[in-house]
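Below, in structure tokens: the form predicted on its own, a single chain.
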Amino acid sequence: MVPFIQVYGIYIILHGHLSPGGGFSGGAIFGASLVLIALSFNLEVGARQISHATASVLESGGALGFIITGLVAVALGGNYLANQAAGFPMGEAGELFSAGAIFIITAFLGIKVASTIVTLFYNIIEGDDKSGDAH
């Protein structure tokens, strides 16, 4: 089931500007599918899909991509995260690339949300026993 859940999550991310959904809900679906692997098998199998370190890098990358997209709009003469006003090509209505920067923003947001869910899962599972205290 996991590959089908992941394809659905990607679909929700990529079509969020055309239908209900978007980066947050699609990212939550995709991230939950990665957690499902670790819960269904074990943490080692889940870590082979996406490690804690990789999830942290993707989390930072998603946020950085979101920030850079906003700065590109400023560089093009618009406000932060401006879309059509900044000159992003709008395309044909109803097509996948028909919303200018919205498609890019939701893709980065989906990466950020999915990796945040995985990072939070690993942090909860690993616990906060890094101090070396025996409980």
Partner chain sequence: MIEILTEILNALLLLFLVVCAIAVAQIRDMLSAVIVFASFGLIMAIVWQQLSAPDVAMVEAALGTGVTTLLLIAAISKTRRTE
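Keep in mind that this is a model prediction, so the values were computed, not measured. Numbering follows the first chain given and starts at 1.
One more form of this protein should be noted, the form predicted in complex with the partner chain, which is absent from this view; the next part is about it.
- Interface membership of I10, defined by any non-hydrogen atom within 4.5 Å of the partner chain in the model of the complex, is ruled out.
- Proximity of I29 to the partner chain in the model of the complex falls within the 4.5 Å heavy atom cutoff.
- Remark: A47 does not count among the residues lining the partner chain in the model of the complex, judged by a heavy atom distance of 4.5 Å or less.
- Though the partner is left out of this view, A107 does not reach within 4.5 Å of the partner chain in the model of the complex, counting heavy atoms only.
- The candidate spot formed by V2, L58 and G65 is out of contact with the partner chain in the model of the complex: none of the three has a heavy atom within 4.5 Å.
- Residues are counted as partner-facing when one of their heavy atoms sits within 4.5 Å of the partner chain in the model of the complex; in 23-45 these are F24, S25, A28, I29, A32, V35, L36, L39, in sequence order.
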